[in-house]
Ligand code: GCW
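To begin, one chain is listed below as structure tokens, in the form predicted on its own.
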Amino acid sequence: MKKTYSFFLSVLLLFPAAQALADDGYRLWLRFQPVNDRGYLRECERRFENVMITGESPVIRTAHDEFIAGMTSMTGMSIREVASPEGRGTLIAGTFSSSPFIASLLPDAVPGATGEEGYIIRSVRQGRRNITVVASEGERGVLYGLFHLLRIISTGSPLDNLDIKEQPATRLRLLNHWDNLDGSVERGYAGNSIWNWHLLPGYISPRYRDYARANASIGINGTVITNVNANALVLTPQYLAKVAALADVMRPYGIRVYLTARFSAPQETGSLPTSDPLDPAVAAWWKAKAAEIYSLIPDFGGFLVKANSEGQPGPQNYGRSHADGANMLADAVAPYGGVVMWRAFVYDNNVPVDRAKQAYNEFVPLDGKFRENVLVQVKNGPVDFQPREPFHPLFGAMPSTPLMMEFQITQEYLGCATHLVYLAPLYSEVLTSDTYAAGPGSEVSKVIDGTLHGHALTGMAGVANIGSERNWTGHLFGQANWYAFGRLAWNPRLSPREIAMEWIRMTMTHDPAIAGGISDMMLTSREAAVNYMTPLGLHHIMAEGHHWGPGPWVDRGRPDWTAVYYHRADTAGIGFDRTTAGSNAVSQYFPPLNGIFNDPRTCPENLLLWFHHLPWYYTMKSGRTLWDEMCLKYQEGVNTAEGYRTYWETLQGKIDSEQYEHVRQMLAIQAAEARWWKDACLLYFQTFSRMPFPEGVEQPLHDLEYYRSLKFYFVPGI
């Protein structure tokens, strides 16, 4: 095939031969460090000295260039391009339709075996030759398969007897950028937006291509490039030309571009007197707008919509339903194969008895009323990306509607990217939760992959943590959450430990002892954050507005934006009563979960105060009082954060110096902030419990008034 030298050279510049320089994090998990194991290097030389990649499309050319560049960086090999297997070993890659020879090597690969995005990687012997085949029915499958092979080599995994067959669990695997047209990022903690709207479409930053390749390497196939709190300007011709330029960069990596649609755009940019979805003129405006977009971006993915939530306009402004609004937009993009993702994160201006119930109450009655190309996008929990929530009760409750998962990758309520909080355990906890919607075994993952209710249109979205910082995510370990999201969107059954070890080996070290230690730190980090922020089911007790740091005393403004609304501490006890005697949110879960959650004796203790208001003297399973247990959980979180800092200091000189120093400083911040959380929360809650701190809990550094007096300005992400 043709060699695309300009791109190949740019990739080599990204992966310089001189690896002595400190690593600033820009290369993410695609460092492709030189192989130091001589035996493994000889094995690579024996198997991949020749390459035969068939096809001439932009995606296949990208797959070719990525594999050659990655192999060259890791092995220093002079790889020969051949037209047929030669020498000791040959890599053969392509689609079944592009090469009858590939099909002959995989006789058991019947039609439909891989789909357009799945792939087969297999070791085949032909005489004395070693042949490694990477094949798919689709070009994107070839790209993903070759990235998988690079991952195998980059992690030093065995290369003999490969027999891998992969297909993505979900059809849409998207990043949701909350990026604004002015360059700011809502809930973004890694600098400004990576999209330079002012210079587009004339200047295409190399960072856009590097962003695309990082996503493709973990199977992400779409990006929503604008904030859900949408700006109608992005739908004007001036900005659509800029969007089209970004789509051109993404396309060779198999990535589709999506936009957020502001529901009032027909009035704001179309000069219509209304945005009523049942008004024929409004529907015609959106159909014309869709035709305009697809004329510029033929593979445009569709719209993500936030409507009638937090002041955003929507169909309810006109007495219409969410289904009315979604279906009107769905009809506009349907002729082009587009989809509409309608967010279920809703609450109106009337403060509810329990905000956790509102999405269920609004959407369940609409089940089966949405068009076939509509997905309802649901946050993992019923409130708002808390350190721990029960899974959202909508999962399983709308069998006639495709539900799309929305996870947080950015860390809005988790230290705002100053804390190491590896989120794969949170994602897996939700995905493996049993909804009991169709009896035992009805896990959330089966709802979103379509197998539980027979849906072909499926998806998972992650709110991106990417910004203009050189290392992309602000905190180096934030990269692991981007990586983990992509891997779990592809395969929700992967274990958090397996994903962590992949990322560590590709990003930091192959030393098994060090990798194991860092993995242990990552795998415990989410639980540590829960402990020093919101143990035992506490939630939404962060500071006002920016959500950085503790604010359990926040009691002003809209009630369901305050902390006191959620923890409900008083002299009698603490917690939100969501039992049948309280808000009855437990009724939104299927049996037996509703009964399990309803009884404090069977409710999981890590969700106890989510569902129950209990006395301070309530006896926990440990035999301790609720007050003592809460205090010790806060202290446990602090101790764990301190332990991370102590462990990390033992790695000086054993890992990259720039990585080491960056994380060392971040862990010092985390340890200090964990202590701040413990001291502030326990002092505040002690004013209600009126009980002493138990043995083993360190005395606060300051008094409560000190913590309440702290004010912070220009916290990022607002």
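Note that residue numbering follows the sequence shown and begins at 1. Worth saying up front: this structure is predicted, and the values here are computed from it rather than measured.
There is also a form predicted together with the ligand; it is not shown, and the following applies to it.
Q: Please pick out the stretch from 262-270, 200-208, 184-192, 98-106 that is in contact with the ligand in the predicted complex, where contact means heavy atoms within 4.5 Å.
A: Checking each option against the 4.5 Å cut-off leaves 184-192.
Q: Note which of K306, R213, R526, R578 lies within 4.5 Å of the ligand in the predicted complex, where distance is taken over heavy atoms; exactly one does.
A: It is K306.
Q: Report the residue, out of T418, Q316, N229, S123, that has at least one non-hydrogen atom within 4.5 angstroms of the ligand in the predicted complex.
A: Comparing distances to the ligand in the predicted complex, the residue within 4.5 Å is N229.
Q: Contact with the ligand in the predicted complex for E544, defined as at least one heavy atom pair within 4.5 Å: yes or no?
A: Heavy-atom contact with the ligand at 4.5 Å: absent for E544.
Q: Against the ligand in the predicted complex, would K379 count as a contact residue? Criterion: heavy atoms within 4.5 Å.
A: Although the ligand is absent here, K379 would touch it in the predicted complex, with heavy atoms inside 4.5 Å.
Q: Could you tell me if R171 has a non-hydrogen atom within 4.5 Å of the ligand in the predicted complex?
A: Flag for R171 set to no.
Q: For D384, is any heavy atom within 4.5 Å of the ligand in the predicted complex, or not?
A: Yes, D384 lies within 4.5 Å of the ligand in the predicted complex.
Q: Using a 4.5 Å cut-off on heavy atoms, what residues in 412-439 are near the ligand in the predicted complex?
A: Counting only heavy atoms within 4.5 Å of the ligand in the predicted complex, the contacting residues of 412-439 are E412, Y413.
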